[in-house]
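Form predicted alone, single chain, as structure tokens, below.
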Amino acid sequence: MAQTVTTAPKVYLKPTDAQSVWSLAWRRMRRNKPAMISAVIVLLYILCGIFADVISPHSPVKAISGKAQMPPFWRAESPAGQKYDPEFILGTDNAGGGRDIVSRILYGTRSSLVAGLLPAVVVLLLGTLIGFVSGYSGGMTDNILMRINDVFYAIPTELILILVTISLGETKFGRLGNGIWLFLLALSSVSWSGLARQMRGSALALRNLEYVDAARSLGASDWHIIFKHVLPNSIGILVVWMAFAVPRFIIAEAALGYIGLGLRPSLNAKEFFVTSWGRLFLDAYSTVTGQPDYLLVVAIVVSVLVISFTFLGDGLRDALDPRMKR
């Protein structure tokens, strides 16, 4: 008599949140209240920049006759003798008749965020590629790329920004996009070296692990191993680097604008880049005696975003650190 063999039904286990690295990171992130509040603030800044033309109460470039150097809401009268007008919550500047500061800050938010995000993305791609190729290849390739990296690392970023902006600022390329592409070229050409060295160290640590050796023994190409195995294990490092790099680049643009070398201002409110925070710093400094609050307002706006990015970066670093157990 044949014996009946029963097989157990196949059970497919659904991955739980505990098995997901990103779920664990999100769980840690939610417990970090400063980081979550900072994330909300950064999101609000981004929305203000995207919808600046919708939410701005006035034109950022049109001067209103008789409204120059209006005080903000906490001051009844400005040093220039102007009375507070509820129509201009943060006051006006002194260009022509006077331009609304709230509207100019909103449009400046758009330009400065792009000036921080766009170079950060380019530097991330360039630094990651060079670092991974150098660390994974080793030998002569690693030696050559790292010596080139040392040269760029020794070049002062601020000096290159000033020299490139002065040399090419009045060219056709320098005027393209009101100077955003020139700023991108100058900043990304020298800012990739630090990230490349960091990614090289990550590639050196990962290239001899067991799963990389297994993929190599199965015939996987070097590029396949880099993009499918090495890169995904460095995403956490790149996310944290991005959170700290964006405010650094925003401050770089603001510093250039303060000395008159940042993004070029526009008189057309329909253009994407009308003004920037760096240009607002320059305008505010020129009117500091008659409108001292203007400089304070712009400094607070920039500081809040930079601090928010800092807390967000700290939170992401803690959340993505595999050594964090809590």
Partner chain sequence: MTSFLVRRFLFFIPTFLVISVITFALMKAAPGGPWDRDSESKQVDARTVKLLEQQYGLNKPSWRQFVSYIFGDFDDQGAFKCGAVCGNLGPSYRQRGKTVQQILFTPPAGKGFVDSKFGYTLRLGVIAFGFSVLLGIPLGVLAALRQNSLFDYVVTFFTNIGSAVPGFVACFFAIIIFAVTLKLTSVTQDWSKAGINTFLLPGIMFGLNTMSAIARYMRATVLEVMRQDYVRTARSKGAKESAVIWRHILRNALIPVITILGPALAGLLTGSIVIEQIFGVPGVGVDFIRAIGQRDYSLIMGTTLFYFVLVILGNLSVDILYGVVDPRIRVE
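Numbering follows the first chain given and starts at 1. For clarity, every value in this text was computed on a predicted model and none was experimentally measured.
One more form of this protein should be noted, the form predicted in complex with the partner chain, which is absent from this view; the next part is about it.
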(message) Test of understanding: in the predicted bound form, would L117 fall inside 4.5 Å of the partner chain by heavy atoms?
(response) no
(message) I'd like to know if V164 sits close to the partner chain in the predicted bound form, meaning any non-hydrogen atom pair within 4.5 angstroms.
(response) yes
(message) Using a 4.5 angstroms cut-off on non-hydrogen atoms, would T289 count as touching the partner chain in the predicted bound form?
(response) yes
(request) Please check if A154 has a heavy atom lying within 4.5 Å of any heavy atom of the partner chain in the predicted bound form. (result) yes
(request) Considering the partner chain in the predicted bound form, find the one stretch among 133 to 141, 77 to 85, 232 to 240, 169 to 177 with heavy atoms no farther than 4.5 Å from it. (result) 169 to 177
(request) Decide yes or no: are E158, A254 and L296 jointly within 4.5 Å of the partner chain in the predicted bound form, with each residue judged by its heavy atoms? (result) yes
(message) To verify the annotation, which of these, L267, L47, V40, I259, has a non-hydrogen atom within 4.5 Å of the partner chain in the predicted bound form?
(response) I259
